[in-house]
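Consider the single chain below, provided in structure tokens and representing the form predicted on its own.
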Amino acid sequence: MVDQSAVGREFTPVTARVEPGRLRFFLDTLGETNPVYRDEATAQAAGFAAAPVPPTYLFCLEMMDATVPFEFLTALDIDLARVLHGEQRFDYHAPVVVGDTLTFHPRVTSVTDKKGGAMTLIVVETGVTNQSGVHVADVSRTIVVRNARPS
């Protein structure tokens, strides 16, 4: 069972480049047709340096380029079969566009037991910087772990 000692734990940073082909695949998967995400001229007319990424793309990008996509589960000895997706939040501080190279810095910020210890909520917050060192976003995810009942 994950306890408070996990708070502050950091995981391997992930570096990922925003590539137009992978972004198009993501947009096609979602059925996203807004031209600002697909057309350079439309994006520039809207004030972006290049096509921006849609809000949830950062989570996908971090997972695709991580050497060990579920590192935090292994590091905290969490059984994937007991994990539920709780919540996700994206706070953008600057645009992220095609051509950017991003670095993700994940760390555990909260561990909370619920239902008398039947479940644990773990919050992993990830600061994201671009190739110029600009803090472009914060990504937060809450993982719900269903704990084994004592025998």
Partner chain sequence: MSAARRAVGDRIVHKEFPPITRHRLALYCGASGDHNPIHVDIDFAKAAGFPDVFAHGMLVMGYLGQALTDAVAPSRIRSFSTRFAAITQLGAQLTCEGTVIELIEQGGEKRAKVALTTKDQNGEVKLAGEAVIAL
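On a predicted model such as this, the values are computed, not experimentally measured, just so you know. Positions refer to the first chain, counted from 1.
One more form of this protein exists, namely the form predicted in complex with its partner chain; it is left out here, but the text below deals with it.
In terms of contact with its partner chain in the predicted bound form, the residue from Q88, Q44, T112, T101 that brings a heavy atom within 4.5 Å is Q88.
Though its partner chain is absent from this view, in the predicted bound form it lies within 4.5 Å of a heavy atom of just one residue from V123, M119, C60, A50, which is C60. Taking the partner from the other structure, its partner chain in the predicted bound form has a heavy atom within 4.5 Å of a heavy atom of E32. With a 4.5 Å cutoff on heavy atoms, D39 does not count as touching its partner chain in the predicted bound form; it lies far away. Its partner chain is not drawn, but in the predicted bound form it has a heavy atom within 4.5 Å of M64. Under a 4.5 angstroms non-hydrogen atom cutoff, its partner chain in the predicted bound form lacks V68 among its neighbouring residues. Although its partner chain is not shown here, in the predicted bound form the stretch 1-26 places heavy atoms of F25, F26 within 4.5 Å of it, in sequence order.
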